[in-house]
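In the form predicted on its own, a lone chain appears below as structure tokens.
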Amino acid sequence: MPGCYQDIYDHSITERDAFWAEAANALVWDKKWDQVIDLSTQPSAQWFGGGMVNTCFNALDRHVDAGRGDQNALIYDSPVTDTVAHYTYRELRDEVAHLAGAMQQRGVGKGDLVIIYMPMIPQAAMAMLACARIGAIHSVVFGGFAAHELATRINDAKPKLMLSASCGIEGSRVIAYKPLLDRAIDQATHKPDAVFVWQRPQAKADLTPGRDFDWHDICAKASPADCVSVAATDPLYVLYTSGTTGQPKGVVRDNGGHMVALNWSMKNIYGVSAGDVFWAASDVGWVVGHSYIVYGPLLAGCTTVLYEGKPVGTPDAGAYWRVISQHGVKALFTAPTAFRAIKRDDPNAELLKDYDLSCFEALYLAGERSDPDTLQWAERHLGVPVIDHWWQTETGWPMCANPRGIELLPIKYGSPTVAVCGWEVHAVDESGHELPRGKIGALVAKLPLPPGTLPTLWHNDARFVSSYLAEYPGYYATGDAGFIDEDGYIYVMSRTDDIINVAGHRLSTGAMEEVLSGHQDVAECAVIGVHDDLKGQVPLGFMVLKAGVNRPDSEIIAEVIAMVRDQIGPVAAFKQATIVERLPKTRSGKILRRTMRSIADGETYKTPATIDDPGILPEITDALRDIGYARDVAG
């Protein structure tokens, strides 16, 4: 593949240390590293060992010192409270320094862990940065998370302090956080020393004397804290992966490698520089919020948008267009499910006509497979590159993307394009042997992983090895399946457990979903493999229709069955589908296919902790019973 990208990519692989040393030199180090990468450390290689650094300094103070303190660092846009607020780099630094000082006064210091249980308000970002400022480790847990799930994370993380707010707002619902927080602390065997609570006007929280403190009051009395230098290899945060059951799995992120990788990614992947407005429409409870609401944009000197709202319903399907237009957003990063929702409610993008999007240059999608129909719909109406890219909580930043900041490569629908610099991605068979181009297998990344990825799991090296390194020695197992084509484009088809075996044929449910999503009436869909006595497994489709569709379900189902037969072939054995009002998802938009499969096969299942609306599962159960599945389901 000719061009600028290939030369830079090759350099990142053949001259790895020089490549990342150059990227690291763009940031401020208290002490330079002794070596770029140490391959002798266990359980994984370490980046920038011997280096001393502070992530908060590089995200805030560095820009103020460079004379850009009056530039907007963060724009808070909350349609659910009808609020827009701006924080310059200087203002954000000062708020963070006072919060960090208040934390120090309560005994929090370098290496202590702090749990953050917050809604999408500026104080959530301030909390993360304040921890980084004083060398404390933060662990963000979704605001509104169930008390039991929060308690398991308290026991695993053992926080010295917890930071929360009186409530969160989901659409028109006000959700009180303090009762959930109190119940979680009651259930947990570990007890935090103190809790800071940000009081929101929508709901006041009762504070427990001696343990709980009013956030505003305690910060007002605190002296601002200076940045504390930490080792590049020290943890910055612990983030628990979505859908964990039983013992939580805490992904650890280091300071140095993380800082270098994210800063590099902003320009080279997302094509933005200091002063540009970048918006990741996610939540700080997800890795996307960590990497691309808070750290990435601020390290790069961008203005980041923190949005407390939905793609539809706050107030309508034009919400994203309004934010882009109002704040001059150059690049947006969101989940494909957000655009499916917009497309479902406003199929012809009529609301787009109300806004000037001349500032807008690119849309990035990740978190769920980007079906070509939704991607093409966005391309058609927005008139900008729509870039699917692939990464995970564990990796911290993209593994595959169209490197727009280096060179915009031709887009192939269904592919997140090519391996990002520093990443060597392969498709392998069950024995770990590399497969020929075009053959579906497990997608793996060659070790050592580039900077910014997980060095281990929180206090559990053995589980890190067994979960990610043991299955394919010499590689990181992504848990995703796919193939690489003749041009080096990578196709992520599904999770490895969503490759179904139909009468001995290995088939991707993702490929079938692409066909279903191409139907003119389908807004979004999911395909799962269900048990079949004869064939082992057969595919079963779920479809949500676009707004305004007024045709018999049976007609649409017959059409998609014919489309799968035509485009994939009879071998797919795709003969059943059902139409539902909505699909069960996590808060980040991932469709809960494994849970749906358990319901269909009549297996006992555990409602995932990160489900957006548990009330949807009975609807799915009823739909499955109507077509002869879910006979003995137990939730």
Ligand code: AMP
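For every residue, the number given is its place in the sequence shown, counted from 1. Computed from a predicted structure; not experimentally measured.
Omitted from view is the form predicted in complex with the ligand, to which the following refers.
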| query | Would residue 290 count as a contact of the ligand in the model of the complex, using a 4.5 angstroms cut-off between non-hydrogen atoms? | reply | no
| task | Would you please decide whether residue 375 lies within 4.5 angstroms of the ligand in the model of the complex, comparing each non-hydrogen atom pair? | result | no
| said: Please determine whether residue 104 contacts the ligand in the model of the complex, using a 4.5 Å cut-off between heavy atoms. | reply: no
| How about residue 390: is it within 4.5 Å of the ligand in the model of the complex, going by heavy atoms? | yes
| remark: If we test each of 156, 276, 368, 514 for a heavy atom within 4.5 Å of the ligand in the model of the complex, the one that passes is 368
| query | Which one of 88, 467, 241, 202 is close to the ligand in the model of the complex, taking close to mean a heavy atom within 4.5 Å? | reply | 241
| query | With the partner absent here, would 343, 345 and 349 each sit within 4.5 Å of the ligand in the model of the complex, counting heavy atoms only? | reply | no
| Heavy atoms within 4.5 Å of the ligand in the model of the complex: which of the stretches 192 to 200, 382 to 390, 130 to 138, 70 to 78 has them? | 382 to 390
